[in-house]
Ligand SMILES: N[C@@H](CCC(=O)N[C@@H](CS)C(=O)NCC(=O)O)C(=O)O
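Only one chain is given next, in structure tokens, and it is the form predicted alone.
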């Protein structure tokens, strides 16, 4: 099946490196070899004083949240709908395995990760109480055990090749070292560790990987947040 996204179509991602939902989309774009321009729009909490939000973003992002993608003169916001839309506008190469079964599994596991992995991550870095941070760390550890079980069936999360499930998983790998400094105590099961290495060694993984400076900024931001909350 041929691609339905014309080569001359202009693709732009409105997002920011610190936003895990932007990371999902950037990983998918690179993995699928879709050329794109990155328009840096920090999330609300990370915008520097005097930052002016691009008018195009204001007009087309319904909730004013990143990520947003433009393809030609069409726009979509919210990471999972964006990933689904990109499969429609360009179907080669795909991050959805062929056939109803594997395709359903890829989206099912992407949704499971969204519902289970992300609240646990957020509970760690927004945690201001040691007990709550420990609880979030335990919850994240439980999700890793389940992911390790998935990987008993093969190298990737939802079949024999990389899929949208990896796009949703990769922000955890990107910020894992920072999460450990903020209270994550759960260790990676062996198969998850191998999956992390294989995913982050791909061009898309390297494209979204954080530098040491970015990890320091991430950790410092939430350490300052904790200090400010505890001093109230």
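Treat the numbers as computed from the prediction; the structure is a model and nothing was measured. Residue numbers count along the first chain shown, from 1.
The form predicted in complex with this ligand is left out here; the points below concern that form.
Heavy atoms within 4.5 Å of this ligand in the predicted bound form: does residue 64 have any? Judged by the heavy-atom cut-off of 4.5 Å, residue 64 is in contact with this ligand in the predicted bound form.
Although the partner isn't part of this model, could you tell me whether residue 33 comes within 4.5 Å of this ligand in the predicted bound form, counting any heavy atom of the residue? No, residue 33 sits far enough from this ligand in the predicted bound form that none of its heavy atoms falls within 4.5 Å.
Considering non-hydrogen atoms and a 4.5 Å limit, does this ligand approach residue 208 in the predicted bound form? Outside the cut-off, so no.
Mark residue 19 yes when one of its heavy atoms lies within 4.5 Å of a heavy atom of this ligand in the predicted bound form, and no otherwise. Yes, contact at 4.5 Å.
Just one stretch in 158-166, 104-112, 77-85, 143-151 has heavy atoms within 4.5 Å of this ligand in the predicted bound form, so which one is it? Of the options, only 77-85 has residues within 4.5 Å of the partner.
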